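Okay, so here's just one chain, in structure tokens, the form predicted on its own.
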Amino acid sequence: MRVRVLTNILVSIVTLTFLAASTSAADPKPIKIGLLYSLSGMAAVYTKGTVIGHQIAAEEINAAGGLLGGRKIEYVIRDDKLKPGIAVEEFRRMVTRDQVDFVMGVISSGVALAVSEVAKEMKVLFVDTIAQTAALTEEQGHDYVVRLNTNSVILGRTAALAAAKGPWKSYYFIGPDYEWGHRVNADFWEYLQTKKPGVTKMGDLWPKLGERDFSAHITAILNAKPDAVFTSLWGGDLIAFIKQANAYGFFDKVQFVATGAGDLDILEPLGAEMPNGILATFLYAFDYLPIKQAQNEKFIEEFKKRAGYLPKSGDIIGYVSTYIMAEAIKKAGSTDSAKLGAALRGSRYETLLGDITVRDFDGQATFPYNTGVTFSDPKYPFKRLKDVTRANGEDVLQSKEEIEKIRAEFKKKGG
């Protein structure tokens, strides 16, 4: 009797062990990626499409067999509400409670800098996908942060290359009064002076983020009578400014140079209200892509099916950055943050936006960027871009020596 009972117990143990092993083999542990974005409030119109871009890429990668022996990508998605404190709390929760392997996001430069600090503290990789302040990978860079997007240097300098071709000598500046606005305005101005000696700055205006009444700012600029205006306003702020400025005949009196104004986030809502002749920067345009057109069209078709609209710059970055991370995971043979960060740095990747390198000394990707001139195209109910100035990240980013100098100076100041 005892032998029979013991035999039955052993059979049960062997059976359970076999079933557990079979389940494990059939369904290996997923690769858990945290997605941290501002999914409510003024930024949601941008970030929800970015999440869709991430999801399309993950589904394609999973359908092709996954990574590291069949492990599938699984997302943990959280809303930082555009607040650094909430973002830090969510980052910690995703790592400790949800046990994500690493975190991708965010949209706000101020939020990105806060998240980067907790990533360094926890030794968990933070992959910045939208926020573009150069400080993240320059003076405040470290081993646990990389950026898979352009930054304010690439953006500002590409805009400066386009502006330097024009006759404008005097500039006025307006931007949101936080990290992004101050940083990209400075990046544009510093580079423009090297490309067009003799330009002058007439003044700066710093409305708060979320400002909607720009009448005082518009009249102040027009009274100063500059040749050109550079703005880092974005989203609803930029849309509101352009609509209100139209009523003053603003764009007939000054040349307008606007960051991100060539993206569909701005062009579609404005429609015919977007003036012709604006110098507008953009990362991605569905109808302007030098390479991989077939893959681009496939992505556009799938994205439209899910979202109901054409993909914007943030949406393609969600897609492209996921594929870059998949390649890095293969190279590292692991999702360990230290190994993954090391695999990313110094590696080159083929993407829909062009071939890029993640630089080994600062973790900054070398995506190309564009500045075009808005014009009316009868094929579309919104403005398109022509006479595009395109700059590769390698050509406009600071050198390793310059980055080291920036970091040393920041450290001296107590950073």
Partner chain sequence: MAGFTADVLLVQFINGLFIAAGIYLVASGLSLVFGVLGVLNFAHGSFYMYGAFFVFTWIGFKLGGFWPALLIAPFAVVIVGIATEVVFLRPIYKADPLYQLLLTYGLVLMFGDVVKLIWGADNQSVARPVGLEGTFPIFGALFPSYQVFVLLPIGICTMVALYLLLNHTQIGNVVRAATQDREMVGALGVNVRLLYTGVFAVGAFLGGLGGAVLAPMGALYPGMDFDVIIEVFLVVVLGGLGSMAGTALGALIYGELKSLGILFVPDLESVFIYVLMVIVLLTRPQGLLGKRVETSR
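Positions refer to the first chain, counted from 1. Worth saying up front: this structure is predicted, and the values here are computed from it rather than measured.
Just so you know, the form predicted together with its partner chain exists too; it's not on screen, but the next bit is about it.
At the 4.5 Å heavy atom threshold, is residue 217 in contact with its partner chain in the model of the complex?
Yes, residue 217 sits close enough to its partner chain in the model of the complex that at least one of its heavy atoms falls within 4.5 Å.
Non-hydrogen atom contact residue 74 with its partner chain in the model of the complex at 4.5 angstroms:
Because no heavy atom of residue 74 falls inside 4.5 Å of its partner chain in the model of the complex, the answer is no.
Taking heavy atoms and a 4.5 Å cut-off, does residue 345 contact its partner chain in the model of the complex?
Contact with its partner chain, no.
Should residue 45 be counted as a contact of its partner chain in the model of the complex, where contact means heavy atoms within 4.5 Å?
Yes - in the model of the complex, heavy atoms of residue 45 and its partner chain come within 4.5 Å of each other.
Specify the contacting stretch among 230-238, 190-198, 297-305, 323-331, defined as having any heavy atom within 4.5 Å of its partner chain in the model of the complex.
Heavy-atom contact with the partner occurs in 230-238.
Can you pick the one in 202, 338, 164, 310 that has a heavy atom within 4.5 Å of its partner chain in the model of the complex?
Of the listed residues, the single hit is 202.
Contacts with its partner chain in the model of the complex - residues in 183-217 whose heavy atoms fall within 4.5 Å
Heavy-atom contacts to its partner chain in the model of the complex: 202, 204, 205, 206, 207, 208, 210, 211, 212, 213, 215, 216, 217.
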